[in-house]
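In the form predicted alone, a lone chain appears below as structure tokens.
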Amino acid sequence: MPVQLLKIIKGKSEPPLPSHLQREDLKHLHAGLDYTNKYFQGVVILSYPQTKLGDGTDFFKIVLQDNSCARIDSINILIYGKMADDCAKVIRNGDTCIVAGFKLAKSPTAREDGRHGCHLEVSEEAGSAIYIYAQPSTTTASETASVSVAPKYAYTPLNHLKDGTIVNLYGIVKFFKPPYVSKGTDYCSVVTLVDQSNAKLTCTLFNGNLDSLPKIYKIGDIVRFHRIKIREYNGQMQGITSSGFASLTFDGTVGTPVVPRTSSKAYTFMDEEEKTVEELRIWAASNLPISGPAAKLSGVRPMLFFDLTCQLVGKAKVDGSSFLLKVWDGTKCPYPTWRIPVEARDLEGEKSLLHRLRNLTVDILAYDNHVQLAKSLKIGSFLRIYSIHTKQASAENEDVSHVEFHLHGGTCYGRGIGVLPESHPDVKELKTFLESVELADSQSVDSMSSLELDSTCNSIAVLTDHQDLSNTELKTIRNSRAPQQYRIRAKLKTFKPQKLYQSVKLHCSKCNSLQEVPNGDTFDLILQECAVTPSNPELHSTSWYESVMWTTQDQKQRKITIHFVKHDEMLLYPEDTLLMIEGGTSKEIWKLTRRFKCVIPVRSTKNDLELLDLSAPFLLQGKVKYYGCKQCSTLKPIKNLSSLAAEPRPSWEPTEIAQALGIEPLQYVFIMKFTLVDGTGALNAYLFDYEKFFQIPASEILSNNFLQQKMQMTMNTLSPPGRKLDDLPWLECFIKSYNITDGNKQQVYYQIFDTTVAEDVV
């Protein structure tokens, strides 16, 4: 039988293993060898739910740990077909398993889960076999809190930890990363602990069940870890999950009840351990910096990183790499905020509540590794979102800044999302406050008349200022002198360009010039020309960047050099890294932008690196190319970037990079001509807008299919194709007139301003 249960009788296996099988240790497993007559033995420390692959094949995954003291002591086992179904019925954590006749393949998740670089693949069709020594199904005193006599555990101070040991310990959370989905199937959490010995221990914890990871909510919380494995790496002790790992978490605030947080229903907690928690609280209060309360929305400002305790009232998918969370905390953000455009049918949440709270909610865009967790959040749940970035939006002719809320990808600086239970003190306080908020100022649906509600829901645009202006007929405007400002109510008869992507231009605010966005062929040609100049080895690996060089595998065998900018002599996480590249193609550069925050194309000179021709982008971030004005820029040395890298938390904002390099940045703008009519006449009004009118940033429209569709749908609503003039919707907006002198002739032009397309138009 491919799956057999065995027993140990007088130290021997019953029935015995086949005589041709030879045992192989974890450290001797290498890809490319034949393991037909070999077996690997280990203890089950983790098993995942049985599932089916896309072709309907049964699949079951377990993790086995051997008894070595090596740094890597566990490996993933992938079981397919009928064998997967049989194993899922009998295998339990703690069982000893023997896997025979396996195939060894490279593990794509090794870097994330810390396990062996390969995994074992087994199936009945491949002639594999699995033998199981099942654990007795008895409950031990160390596994339950309900037994009459509980064991007394020994706890190891952090300064007495030794490589290769499995210990129990207490510690105070000095830093943590909320659980996130690793590149494999596990959740991962990183926690740095300290105690009275002033030693430090960083623990990397993996588990397929999110609830099995420590429930840490803030720095200063106290944790108890049972059966955590210690290993030494680069001279530092690290903790990793091992078989039977368990945790308790306690609030670290002096004077609060000592109540453990855990998903386990069976644990021990002795009276003397309460004293340990209290002692750690007192020590932490005197020796650790006390973090202040999480920021309120009413206290945020641009360019801020902060933690927010809030309630989730709406969510929606934006694209494959980002997800929208609509939240509130009962206070009002002092700045206008960018509303992320999503289809009404895609927005989850109670529509009437979203309408009532629309002046108090903010849109937070969660990226990359946070998307999966964001999707799973329940409407109405209370969240603590860590390290939100308020980014100042660029808008034309605005006295008050707009802000955007971003939860960037990665986990640097503890970025992440935590769900707080309703029993949490901060949630109780927040709920009490939210219940007291007066929603009259938020235009409650209940307080609006049906006429007002119809007007609000059917409006095509929102007027953001100048509410004192009354509507003026187009005939009157055309017969009036310029310059003046008007409020109009008209219909959009036609617009140009019809191909909306052609409306995006590059604008220099200093010299007021406009130019077309260069196409990709121009960039490719510049890169090819620069690749002729070889990289200068004398410019590699300076005090502020580290260089790597390799040769491509194609026929040309090109040399590519990447310079990774360092911070405090350390390389940053990819999602926070600025790098400079020599010799790459545009395709290779775009691949880098998917993983690294900023990419700057450069070339070598005799004495320094330098930017390419400003016909090429000076920076690529995400899917956006950033260009500089040739006329207004005065380029400075690349080494000026080192001053930005030396800042406490380099954000690598494009405007900061441009300033450091002496570049006058070009801004993406929408340039369109609207023909407006109102029954008294017609006039042409120009739209010159960065992101306010469509609520879409012009910088992202060319690289984002979703935003292009959103813009097209908006224009189809403003000017429905095939409709008669009488059936077109009314557009209420502001226009201003101004004079342009062309030679000896003076002409009057009109421009739309301070107008935003309503969120619910599309």
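All residue numbers are counted from 1 along the displayed sequence. Remember, it's a predicted structure, so these values are computed and weren't measured experimentally.
As for the form predicted together with the DNA, it is not shown, yet the points below apply to it.
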Could you confirm whether residue 368 comes within 4.5 Å of the DNA in the predicted bound form, counting heavy atoms only? yes
Even though the partner isn't displayed, in the predicted bound form is residue 206 close enough to the DNA, meaning a heavy atom within 4.5 Å? yes
Are any of the heavy atoms in residue 269 no more than 4.5 Å from a heavy atom of the DNA in the predicted bound form? no
Taking the shortest heavy atom distance, is residue 115 within 4.5 Å of the DNA in the predicted bound form? no
For this chain shown on its own, do 238, 387 and 409 all sit within 4.5 Å of the DNA in the predicted bound form, going by heavy atoms? yes
The one option of 245, 170, 328, 180 with any heavy atom within 4.5 Å of the DNA in the predicted bound form is 180
Contact residue in the predicted bound form, from 174, 317, 103, 296 (heavy atom within 4.5 Å of the DNA): 174
Looking at 161-169, 87-95, 228-236, 685-693, which one sits within 4.5 Å of the DNA in the predicted bound form if you count heavy atoms only? 228-236
Do any residues of 189-209 have a non-hydrogen atom within 4.5 angstroms of the DNA in the predicted bound form? If so, which ones, in sequence order? 190, 192, 200, 202, 204, 206
